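Starting off, we have a lone chain in the form predicted alone, written out as structure tokens.
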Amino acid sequence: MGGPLELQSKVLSSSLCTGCGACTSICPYLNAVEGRAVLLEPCGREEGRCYLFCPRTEVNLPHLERRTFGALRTDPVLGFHSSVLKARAAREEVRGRAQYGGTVSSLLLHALREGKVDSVVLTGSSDGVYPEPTAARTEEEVLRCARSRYLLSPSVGEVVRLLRKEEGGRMAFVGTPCQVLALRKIQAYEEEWEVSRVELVVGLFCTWALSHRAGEFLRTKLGGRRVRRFDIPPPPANLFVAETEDGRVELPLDEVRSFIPPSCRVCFDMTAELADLSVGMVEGEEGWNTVILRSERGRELFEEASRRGEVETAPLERERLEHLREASLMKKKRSEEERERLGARYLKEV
């Protein structure tokens, strides 16, 4: 275990910060500047939660898996899971406001309606570009956050804030793999907060995100138009698409990719392997999600929502499952190569 100086030398000075908010939400000596954590001055501690909770410091993956699932993975590519399938929201009004199939929104609305959680920590945006973590408590608040956000978001910091202030009741959390990892570290190692109040963790598939600097680039390209949603059409389009209130804007994907931060290049997890269930798009089939059921809690929620008619399900075709496995494995290989290149072997999961 390390402290703020180790966090500075291993993560912050190497631009490996994911901007998740785990450290800046607990320490007055750390602050968020342009989407990244910055150490204002050392606090004198040799060990600290800032280092322990960071998703870019050492990861004891077996310990986190045992704590989350009660067992270790048998699948090294997709992680611990019981099944992989397709799903989408059964209600057209949910699908119409969601990014893809609306499965995540349907599951969250079901959890709220049935009293399984009192709030859901999501990422919204008032301008459609810069992310804004929020604790949603109503259907409308959930649906306002239904679209994808591509910039790094301090969503874990919102969970920490609610835990420290004893607000939010029983919570669900939706986040990317690095955010899920930070939250699982908090649940595993924090001794003061009532971390069991985080009842459900939904992971989103993620190959990369964009740094805070991408926000000004996108705003300039969009000329101040408010964004309704961003999307990346399947190959060979090679485009980054912004659907705005004044129409569609297409940007070269390679220009946008230049804002991918180094923290994404060392990430070994594409499918949020420590979530209760993980959700992504079905490539080549618009309107459906790929769902990986992982924990017993995640499986029970999904099956109940399916029985109640909240989500529709279908088998995931073998070729699509193989493509998912291939993409996940390639991310792990690229991550290992990047960590070797940086000499950041401490990032390897143990």
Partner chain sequence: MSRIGLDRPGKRLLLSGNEGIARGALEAGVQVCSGYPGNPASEVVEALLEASKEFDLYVEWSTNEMVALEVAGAAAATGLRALTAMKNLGVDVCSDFLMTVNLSGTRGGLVLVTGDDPAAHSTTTELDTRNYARLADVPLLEPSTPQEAKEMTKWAFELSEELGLLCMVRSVTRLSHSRGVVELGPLHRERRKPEFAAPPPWTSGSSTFTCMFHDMLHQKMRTAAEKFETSPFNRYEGPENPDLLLLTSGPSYTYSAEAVELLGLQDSVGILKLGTTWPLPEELLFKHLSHAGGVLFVEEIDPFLEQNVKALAAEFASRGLGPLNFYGKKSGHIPAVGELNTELVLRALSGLRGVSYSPRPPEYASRGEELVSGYVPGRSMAFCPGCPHRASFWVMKRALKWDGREAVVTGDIGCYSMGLLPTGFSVEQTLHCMGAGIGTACGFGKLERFGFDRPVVSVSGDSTFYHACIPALLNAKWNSSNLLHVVLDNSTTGMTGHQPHPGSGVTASGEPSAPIRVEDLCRGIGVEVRVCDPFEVDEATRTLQEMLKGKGPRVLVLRHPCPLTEGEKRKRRPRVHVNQEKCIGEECGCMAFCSRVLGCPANIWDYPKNKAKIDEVLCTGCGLCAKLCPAGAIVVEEGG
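Numbering follows the first chain given and starts at 1. Only a predicted model underlies this, so the values are computations on that prediction, with no experimental measurement involved.
As for the form predicted together with the partner chain, it is not shown, yet the points below apply to it.
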{"property": "Contact residue in the model of the complex, chosen from 286, 322, 296, 41 - any heavy atom within 4.5 Å of the partner chain", "result": "41"}
{"property": "In the model of the complex, the residue from 305, 26, 316, 61 that sits within 4.5 Å of the partner chain by heavy atoms", "result": "26"}
{"property": "Proximity of residue 45 to the partner chain in the model of the complex, heavy atoms at 4.5 Å", "result": "yes"}
{"property": "Contact of residue 56 with the partner chain in the model of the complex (heavy atom, 4.5 Å)", "result": "no"}
{"property": "Residue 300, heavy atom within 4.5 angstroms of the partner chain in the model of the complex", "result": "no"}
{"property": "Exercise: residue 250 in contact with the partner chain in the model of the complex, heavy atom 4.5 Å", "result": "no"}
{"property": "Site check 66, 329 and 332: each within 4.5 Å of the partner chain in the model of the complex by heavy atom", "result": "no"}
{"property": "Proximity to the partner chain in the model of the complex (heavy atom, within 4.5 Å), stretch among 28-36, 286-294, 306-314, 66-74", "result": "28-36"}
{"property": "Within 4.5 Å of the partner chain in the model of the complex: residues from 162-200 (heavy atom criterion)", "result": "164, 192"}
